[in-house]
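The form predicted on its own is given below as one chain in structure tokens.
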């Protein structure tokens, strides 16, 4: 095993929650409002529910092949050649996904706080910090997250609570005025962001109690979906769906509206600190999955030698993939959902599920024939 550390099901659920939630709260409210209007809050939670079948498939495969990550049992199910190709496809997925997350981080800090600072400074500093966490190992990342998740969730819930006096619930009405079509289009976007469930296929072998993987994973998915829904409700209740759809970083503008008796105000720094901490954990988890996966696919005795090369690739991709933040937002809205769902959230897991069942049936028939002889 390239990773000898162990984490609890609770820690795995917390890591999954952070990988889903850290960036979804920043970009998705505006995309949801653009796709579903004032029904965006319904789309947000429906998308989270759509992630549960994928989680079920991933956990079933992990339980069927105990002690092995998706990179390893791909070779058992698909054969050596196609299994390695599937494993490399997942390495690319984590690498590409990590580059997108790092770009989101850099674009937000550059646009909202320090526009004169080059994007590469933000991106490579995050990658370097995440590389240190990846080298430290899975247990170290999980323990850091136990503190950071508390910081992120409590700060966001406090911001939402303080914003309640500014809410205008009429912006959420009428419900389903245009039918289910807009809700389904918005839910597809939300479901695409739940491709993070693929991390459970890497973390599951290192759980102290793998039988609780689905429970902890489902709790993470539902919790992230619920808080995202509250965030979308709050943003639309304050700005209305048309204005939220225009904002690239709805949460940043939303925080500006909080002013309690001219005393509790200017929460931007608090939100930025919590969000940066959350993105650091998300990047570290994705980076770790890519490094561990490449090490396992290549049959290395240690995954740490590939950490630095992968970091250079991830950082470079994060700077070069998109020309500007508008191009990034368009990719997240129109390309990412279909790309992540058809290939990595459902496509490959369902292929592996079908292959595993067929292999199991063939082995069972072979055993029966041997007994008859």
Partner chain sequence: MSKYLLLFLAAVLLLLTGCWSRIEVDKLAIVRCLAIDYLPEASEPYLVTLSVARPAAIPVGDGAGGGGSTATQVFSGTGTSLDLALNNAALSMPRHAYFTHNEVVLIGEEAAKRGLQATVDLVMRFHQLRLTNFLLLVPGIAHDVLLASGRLEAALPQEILGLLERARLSSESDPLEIYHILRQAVTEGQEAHLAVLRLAPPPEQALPEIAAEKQPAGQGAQGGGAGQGAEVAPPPEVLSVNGTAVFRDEMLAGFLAPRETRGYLLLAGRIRRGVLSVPDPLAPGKSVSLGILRGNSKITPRLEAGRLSFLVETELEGDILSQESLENLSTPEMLEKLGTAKAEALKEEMTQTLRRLQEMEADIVGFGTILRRRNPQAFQALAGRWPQVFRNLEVDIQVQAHIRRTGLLSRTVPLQPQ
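Just so it is clear, the structure is predicted and the values come from calculations on it, not from any experiment. Positions refer to the first chain, counted from 1.
Absent from the display: the form predicted in complex with the partner chain. The rest refers to it.
Taken together, the three residues 63, 75 and 219 all stay farther than 4.5 Å from the partner chain in the predicted complex, as judged by their closest heavy atom.
Here the chain stands by itself, but in the predicted complex one stretch of 88-96, 193-201, 219-227, 130-138, 130-138, has heavy atoms within 4.5 Å of the partner chain. 121 is the sole member of 300, 158, 164, 121 with a non-hydrogen atom within 4.5 Å of the partner chain in the predicted complex. Residue contact check for residue 257: one or more of its heavy atoms lie within 4.5 Å of the partner chain in the predicted complex. Although the partner is absent from this view, residue 154 stays clear of the partner chain in the predicted complex, with no non-hydrogen atom inside 4.5 angstroms. Taking non-hydrogen atoms only, residue 243 approaches the partner chain to within 4.5 angstroms in the predicted complex.
Proximity of residue 188 to the partner chain in the predicted complex: non-hydrogen atoms within 4.5 Å are absent; the residue sits far from the partner. Shown without its partner, the chain has 166, 168, 170, 171, 173, 174 in segment 145-176 as residues with a non-hydrogen atom within 4.5 angstroms of the partner chain in the predicted complex.
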